[in-house]
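Just one chain follows, in the form predicted alone, and it is written as structure tokens.
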Amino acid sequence: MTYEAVIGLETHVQLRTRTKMWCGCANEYGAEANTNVCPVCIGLPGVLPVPNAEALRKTALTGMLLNCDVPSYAKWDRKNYFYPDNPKNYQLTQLDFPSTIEGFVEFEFGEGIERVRINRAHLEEDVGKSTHFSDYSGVDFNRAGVPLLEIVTEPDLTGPDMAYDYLNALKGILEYGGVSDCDMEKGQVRCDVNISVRPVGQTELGEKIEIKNMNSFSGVRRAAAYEIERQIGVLREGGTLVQETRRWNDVVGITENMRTKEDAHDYRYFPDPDLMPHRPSEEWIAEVRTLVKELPLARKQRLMADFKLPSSDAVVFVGDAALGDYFEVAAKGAKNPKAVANWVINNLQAKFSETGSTVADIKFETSAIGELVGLVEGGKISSKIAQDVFAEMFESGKSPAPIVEEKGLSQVCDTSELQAFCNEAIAANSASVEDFRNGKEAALNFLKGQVMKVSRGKANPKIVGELLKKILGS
């Protein structure tokens, strides 16, 4: 029997806010353990939480970025469970009335565009972080109470690679929208993977098994691939799958049982008595909607259409939004935006790496790269000279034309002057001349290079090639 996988993802994303969800403690990574805490976030009796207004806005904004509806009523519930990193013995979350519902994410997969439905993106709070040492464990509550968004898909994913591409697309959307930094090394994105398998053609879902607390997208892909094969193997051997929670052991490359999967009633959810429901007004929703930005996939498609860029170039500009913004201004009105893209991607990024600088540090005018491209394509300077001009532009901030004028770098197109350069190169390289006359075409390129060297890069290479052939009798 042939089986197919069905995957749903629950992605937990820390929101980019200055303070925590219910108190004024800093939402900050890397502080000394248990220093960003107060009676509210460590669950002391008698304290009252106050919602973070920025977290509410960023939650609604995320819903809009994910094409979700923002209901006019949302509330918080207590999810009751005991664990050392949960100081209140309950987690504030949203059960039946979440902040956003029923959206979708579109992303590139294979040769086409896939759509995964979003069930909800609801707001809750993070818990502390446990660290296990050789003979004891410690808990840092700095993270407890940080605003956390849980983004839940429908079971629309069909394999590990699709899950991986969806997660990367989701990360790009959240970063573009400015709602989260999505730094996985800081634990700002974590993922629970729900997997079931069923015979091909069957509509009913198989037994759902959850892999908990995945902290890398590549780990999700590896864990899902293993777990799918494990479940299929159990069924083919006549075994039975039961709903459970498993962990991924990345060292061994297997999933391991943690516990039998709980259901909602096991957590004894009830509405939080200390928090009023959130009732966003139409005006508030309209204000948040003004913050919606163009998403990565839409930007990529527009860059390819408007600037005739290949997919590989557009991906670079989508991956680095600041660089993409710079390119769009630099290429505006350019006759050859692809050439502008080449300079930005290759030369400008190389200078960033060399100097440790960024787009914000660029000294020359944004239009200067387009002007430089125009000088090359107009025959004013050669491509080799353009490299030197660009280096001077980056260092001094000057425009290309004045640099060319000041340094006398204009391309030599005068035939008599170029012929003198050619004759000098021919006289100094008799062996290459003989090779060319014996049918070795590569020798001509060598001679052209020697002419360029003699002219210090200023000779027009096209005219040089024609002159060499004429002089050598080809």
Partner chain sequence: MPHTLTISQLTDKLAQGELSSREATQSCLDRIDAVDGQLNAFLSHDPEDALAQADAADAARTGGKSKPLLGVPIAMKDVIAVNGHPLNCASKILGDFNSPYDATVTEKLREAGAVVFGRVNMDEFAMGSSTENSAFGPARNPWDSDCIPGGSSGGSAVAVAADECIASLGSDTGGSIRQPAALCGCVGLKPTYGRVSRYGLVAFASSLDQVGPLTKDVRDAATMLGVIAGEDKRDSTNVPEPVPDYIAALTGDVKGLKIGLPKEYQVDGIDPEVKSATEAAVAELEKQGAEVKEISLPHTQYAIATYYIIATAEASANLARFEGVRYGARVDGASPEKMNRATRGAGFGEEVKRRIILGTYVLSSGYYDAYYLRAQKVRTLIRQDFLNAFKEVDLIASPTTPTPAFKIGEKVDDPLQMYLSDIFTISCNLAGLCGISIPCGFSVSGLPLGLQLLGKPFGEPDLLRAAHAYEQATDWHTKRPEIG
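The model shown is predicted, which means the values in this text are computed figures rather than measured ones. Residue numbers count along the first chain shown, from 1.
Note that the form predicted in complex with its partner chain isn't included here; everything after this is about it.
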Can you say which of 40-48, 443-451, 422-430, 63-71 gets within 4.5 Å of its partner chain in the predicted complex, counting heavy atoms only?
40-48
Applying a 4.5 Å heavy atom distance criterion, does A339 contact its partner chain in the predicted complex?
no
With the cut-off set at 4.5 Å between non-hydrogen atoms, does R78 touch its partner chain in the predicted complex?
yes
Contact label in the predicted complex: P87 to its partner chain, heavy atom within 4.5 Å
yes
I'd like to check something about F141: if you look in the predicted complex, is any of its heavy atoms closer than or equal to 4.5 Å to a heavy atom of its partner chain?
yes
Of the options K308, R268, R115, K186, which one has a non-hydrogen atom that comes within 4.5 Å of its partner chain in the predicted complex?
R268
Listed residue that, although its partner chain is not shown, lies within 4.5 Å of it in the predicted complex (heavy atoms), from M276, V252, V242, A350
M276
